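Same chain, two versions here, written out as structure tokens and called structure 1 and structure 2.
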Structure 1
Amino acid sequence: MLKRVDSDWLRDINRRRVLREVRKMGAVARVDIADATGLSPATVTVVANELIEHGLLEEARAETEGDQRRRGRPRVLLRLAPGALRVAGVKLAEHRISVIIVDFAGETVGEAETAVRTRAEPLDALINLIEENIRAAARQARVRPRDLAGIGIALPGYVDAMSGTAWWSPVLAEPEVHLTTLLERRFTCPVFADNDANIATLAELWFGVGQGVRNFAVVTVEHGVGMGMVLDGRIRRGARGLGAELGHMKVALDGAPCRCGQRGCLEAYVADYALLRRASSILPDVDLSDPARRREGLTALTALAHDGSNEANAIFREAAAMLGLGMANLVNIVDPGMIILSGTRFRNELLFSDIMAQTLRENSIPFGPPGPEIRTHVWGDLLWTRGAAALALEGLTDDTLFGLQTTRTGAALAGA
């Protein structure tokens, strides 16, 4: 019995490895999968044929002249089968709900968006709005909502991805919201939820500059500060699913108040609301509770800094130094191969200035090879919606490979 279990487990792992390699490469020959994964060509062939039979992969012929000369005929490549399934990705921000529908290859086929102050909405009304936007995006994609194979939701705060519970979020009026349970009552497919920084990390892992990188971290700075980590090719969330909260790393004892209720958090010096709180003397009319007024205030503060305001530049210099200190702590603890700075705030060069890089360098362990590569990748809201879709795809893919899919998911795969 033990041998049978071990054999099944190994086969499932190999399926996952092959599928991820195809996802990473886009279109790839079986022999190249064997080279990249270390699996034998025979094993790759067996696994690939099973995935083709399940409708998850399809064959395509390479038409390049070089391949024809080398092989005598076009090579047969493997690629993800776009029509295998459709999933929805949802981003809950403080000022809007955004939804996209993607196919199995990750291409967007439908989208919808509603401007709304999410925290001001009663929970039932908010769930209604999420449902309406998913249905609107599905109509644009010409997909019946009941034919969606999964839904992924990104939101800020402390989110347990295993249970789908938002213990606390600045976009929800209530604590301890069982978000996935509430939405699964509206749809016939599984629903997944995660912290938006983990979602951003999934987007980079599946579709962005993190493809093919074994160890990296994503740092997002907007109204809050978030982080996601990929170690050994997989996202890591910690024992409680609440890990990688870079924004709540303490950088000052009894320091500035953070919106989480504690003091001295990195976020309390770097996030949008923190900058504007510091700028109250030069921007006295900014309403921190109003997202639109806050964005206007940040634009005004940035303009003052560009115009040479000493006070405005001092605020950005402190934020850059604090962010560099937080990233140095990250490097010293985790040693990532790459740090990806993501989110709309990194359009603002004042935040990731030479001060940030210098502080990072001066506070990192000074021995050994050079530190991680720092990359900037600005997606806008597309980052989180695509990441939420990747969350659903990853959840469905894992369930399928391990034979745990629900009847609904199995039907979606069989009917694709």
Structure 2
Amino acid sequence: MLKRVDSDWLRDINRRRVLREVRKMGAVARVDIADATGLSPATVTVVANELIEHGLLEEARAETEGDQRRRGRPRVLLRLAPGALRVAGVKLAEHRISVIIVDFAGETVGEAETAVRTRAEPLDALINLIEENIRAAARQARVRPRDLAGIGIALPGYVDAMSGTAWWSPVLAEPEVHLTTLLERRFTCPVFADNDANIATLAELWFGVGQGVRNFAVVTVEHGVGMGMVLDGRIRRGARGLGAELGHMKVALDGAPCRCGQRGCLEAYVADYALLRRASSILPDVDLSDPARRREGLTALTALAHDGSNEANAIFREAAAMLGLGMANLVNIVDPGMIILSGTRFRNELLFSDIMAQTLRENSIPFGPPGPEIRTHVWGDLLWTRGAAALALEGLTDDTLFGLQTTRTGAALAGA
């Protein structure tokens, strides 16, 4: 609840607006910030000068361009001051812990990773490993751990971003892990955690093809199927922070069994383990608990399909149709202006074929303007760690950013 006088509140909102515009544009003139935000040029000048004073923005000369030569003096642009602060982005995967350190301008300045079967580690040992990787990445970035402004963690599963609780995750040995609380005991900065598909969505919103798009959804297909959504310019997580579970949308009543224990989940038709389960008659048995074996099995199945195997092609066709159906339901419920297919699996042209597009078209709202633009965006692992860093940056309070004395949840408010 807002308990400060309202002009402070307005000032912080304006500061965040200016910061957001500079982040979006990279380097931008004051007058263009005024145009884009609707703030008066005078307000932008005041706010920008305060942000320069706080060390968050810096001035840069524009590169010489033709029209500037004619005007006779170079324009002064504003950009984020890289050294203003640094955050850590952490990705917990089934077989790896990855950490990057990102500066205020979004550049990666340090990284570290450890290969480990995360779920096999006792919780204490896992927290130790995460801590060590953050410290190693910080060392490489020449940042003292206590100078980190925030830490963001991406992990698969059911994660409540508000409380930082992982209710269930395939990378954790236990249910109901208060991940952020455990890590905040090891560091002095605030820690944030979220489902990795929400994190991918944040990465697209902050750094990717979702910049400036008011309504979009991100669909990730890796070992599982994930989703995040931005509606009216903000990521939406639902009442418990557990929304956007496209992988567990039911595409059939009493359908195929899913690893979550329920039946008919999209994931039970589309995820790598589902494809390999269906391929048991044409492929040697694959140890589904081993990510490397699963990757090999999928490569073999793809080769069979390319060689004309009817069974292999049928498996990919059904998966493509089911994914198309799931995306159609996403369009029917949320009506995004863009769907971003994100993750390395979208390199697989057999699975993500015309059949998916056709099923999507045949099963989604057939009226009005054209449906969502479908974009494929293959990032690799950087997606997750950069998104986790974005989560940490987004979570920074006005107090951290602007050095105020009063305490309140400024980030939540400014983002309302």
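Take the two forms, find the largest set of C-alpha atoms that superpose within 1.5 Å, and that set is the rigid core. All residue numbers here follow the sequence of structure 1, with the first residue given the number 1. Everything numeric here is computed off the predicted structure, so don't read it as measured data.
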Study note, to complete from the structure: Mapping for form predicted on its own resolves to structure 1
Practice item. Would you tell me if Leu360 moves between structure 1 and structure 2 by 2 Å or more at its C-alpha, with the rigid core held superposed? Key: no
Review point. With both forms fit on the core, is the shift of the CA atom of Ile52 between structure 1 and structure 2 2 Å or larger?
Key: yes
Check your understanding: Is Leu39 one of the residues whose Cα moves 2 Å or more between structure 1 and structure 2, with the core superposed?
Key -> yes
Exercise for review: Using the rigid core as the frame, report the C-alpha movement of Arg15 between structure 1 and structure 2, one decimal, in Å.
Suggested key: 2.5
